[in-house]
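The chain below stands alone and is given in C-alpha cells; this is the form predicted alone.
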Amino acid sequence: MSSDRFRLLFAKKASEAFRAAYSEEYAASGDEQVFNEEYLLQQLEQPKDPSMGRFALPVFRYGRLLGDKPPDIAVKVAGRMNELPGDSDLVRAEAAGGFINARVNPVELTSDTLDRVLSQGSHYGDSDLGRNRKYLIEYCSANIAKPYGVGHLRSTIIGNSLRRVFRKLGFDTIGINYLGDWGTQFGKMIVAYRKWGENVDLNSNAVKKLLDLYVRFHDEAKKNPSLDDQARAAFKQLEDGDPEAVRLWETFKSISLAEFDRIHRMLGVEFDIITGESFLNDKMDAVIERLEKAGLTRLSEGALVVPLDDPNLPPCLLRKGDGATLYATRDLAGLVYRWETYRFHESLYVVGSAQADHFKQAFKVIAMLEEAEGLVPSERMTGRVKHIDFGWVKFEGGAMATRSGNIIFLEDVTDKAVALAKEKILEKNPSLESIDETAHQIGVGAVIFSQFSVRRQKDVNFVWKEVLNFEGETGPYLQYTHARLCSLLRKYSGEITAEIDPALLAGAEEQRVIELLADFPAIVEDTARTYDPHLIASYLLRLAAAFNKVYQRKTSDGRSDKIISDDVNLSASRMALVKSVQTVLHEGLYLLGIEAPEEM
C-alpha cells in the first residue's frame, strides 16, 4: 500500500498500541514481525464502504496470537491508539467488528493530497519501490507469417501497461517481444508457399495472404496427410540451413516484423527488445547438456525427456526421436539466457492461461536443475519467474483459431471503432480541430479499455456493441471526462495552486473525490503487486464518476452549481480539485496505454 503520512502514522500507532494493550501476550507470542509498523502498513485495506473510513486494519489473525476475540482486540487497540500523544487530530481509530478503521482529518487530507498532486504532476504516484530491482516482461509474442488478431491484443496491452506501471515505481524494466519465428509451422508455410504461392503478390496485404496459404495447407492436409511429412522435412531443411528454406523464412519474417511494427505504433505499444525463438537455436544444446549432467533426463521411446515426478504434469519433452527440438526446449534455453544475462529480480511471461501447464513444466525443470546443481538461493531464478496468465478473448462467445482461419483481424476492429468515433464527433462537435486524430485516440482507446473491463484472469467476450459503446463504463467515457476537465482549465483565468481554503472542499462529493485522489499511489502499487491493470481501469471509473457528481451538482434552487463562479476563493479551490483530477486521470490512462484527448 502507499506510504502516505496518514497510513504511516496509523501503522506506527497501531504497533505501539498492540504492545501496550497486550504487553504480556505480545512478549509470549514469539512473532514480533506481525506487530511491526512495516508489516502493519502492508496489511491495511480499503473498506468497500467509504463511509467506514479511509483505510482499515483487519485484526482477525491476532486472535490466536493474543488469545482474545478479534472484536475485543479491535476495541482495546483502537482505544490505546487514540490515547497516544502526537498528531492525534490527523488520524482517529475506530473499532468495527474485527477491524480498526481510520478516520482521517478531512482538512489535512485535502491539503496534503492536493499539494502532492499539484506539485508532483505526472510524477504523482511515483516511488522508489523498485530501486535496484530489474524486471523483465515478455508480452505480445505473436507468430510471424500470421496476421495480428484480436487474440494477440490482451497479452500486448497487459504487458505494455505493466511495463509502464513498474517503471513508474522505479523498477529497471525491460519489455520483450518474443516472436514465434521457429518451429514446424514454418515447415508448413514453406511447403504451402512452394505449392501455391508462386503467383501470390506479397507487395500488399502480405500477411493476410500468408495466412490464406497457412489455412489452405491445413485444409489440404486433411485430405492428404503426406503434407504433414513434407512440412516436417521442410522444417528440418530450415534447421539445417538450406539456403532456399532460409530465404523463404527470412522473407516471411521481414514482412511480419514490418506489419507488427505498424500495428504496435497504432496501439502506442513499445518494446525494449524484439527477439524470437530462432535466437535460441545455438543455446539449447548447453541447457540439454546441463540437464543430462545433472541426471535429470531419460530416453522415452527414442525421445529425450525430463520426468517431473508430478501426477498433474507430463514429462517435459526436450528432443524428439528424430532429433528435432521443441518450443519447451527453446523456452528453457531462454530462461537460462535471460537469467545469466540480466540477473533479474523477476521475469514475467504475459501469456494466456492455455499455456499454464507449459510454464509449470518449464519452471519445474529449472527448479529441479538448480536443486541438482546445488545452487545457493542468490544464484537461482526459481521463484523469480512467473506466468502472468489471462483469460481467453472470445468473439461473440466463441474462441478463435488461426488454423481454420477463424481469426478477427485487430485492425478491422480498430478501424470500425475509429469510424464510429468519427461519426460521433461529426454529430456532436463537427467544428473540432484534428477530427481524424481524435477519432483515432477514442477508437483505439475504446478497444484497449475493453480488455481491462474485467480482471486479468477472466475471459473477455468480445461483443461489438459493448466494445464500441461510447457511454457508460468505457474508455471513451474516461476520455470525455478528461476533455471536460481540460475545457474547464482553458476557461479558468486564475492561477491554480494548492494554496486554497480546504474547508471550501468539505462537501461529501468533494471529499469522495479527494479520497480517491489520495488512493492513486496505492492503486498503482496494488496493480504491480497483482500484475493486473484492471485495478487502474476500475479506479479511473470510480474517480470519473465521483468528479462528475461534483460537476453535475445542482444548487438548492435547482441551478447548476458551477465550478467557476464569481466567488474567487471557491473557484480557486474547485479548480485546484479539477486540475488534480485531470492530472491523475491523464496519468492513469497513460498507464493503461490509452491517450487522453484534450477536446472531444
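None of these values were measured; they are calculated from a predicted model. Start at 1 and count along the sequence shown; that's the residue number.
The same protein has a further form, the form predicted together with a small molecule, not shown here; the description that follows concerns it.
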{"property": "In the model of the complex, segment of 282-290, 309-317, 190-198, 138-146 with a heavy atom within 4.5 Å of the small molecule", "result": "138-146"}
{"property": "Interface residue in the model of the complex among Phe99, Phe166, Tyr349, Phe186, criterion: non-hydrogen atom within 4.5 angstroms of the small molecule", "result": "Tyr349"}
{"property": "The unique member of Tyr480, Trp392, Phe359, Tyr214 whose heavy atoms fall within 4.5 Å of the small molecule in the model of the complex", "result": "Phe359"}
{"property": "Contact flag, Glu277 vs the small molecule in the model of the complex, heavy atom cut 4.5 Å", "result": "yes"}
{"property": "Touches the small molecule in the model of the complex: Arg456 (any heavy atom, 4.5 Å)", "result": "no"}
{"property": "Contact test in the model of the complex: Pro106 vs the small molecule, heavy atoms, 4.5 Å", "result": "no"}
{"property": "In the model of the complex, Asn461 touching the small molecule (heavy atom, 4.5 Å)", "result": "no"}
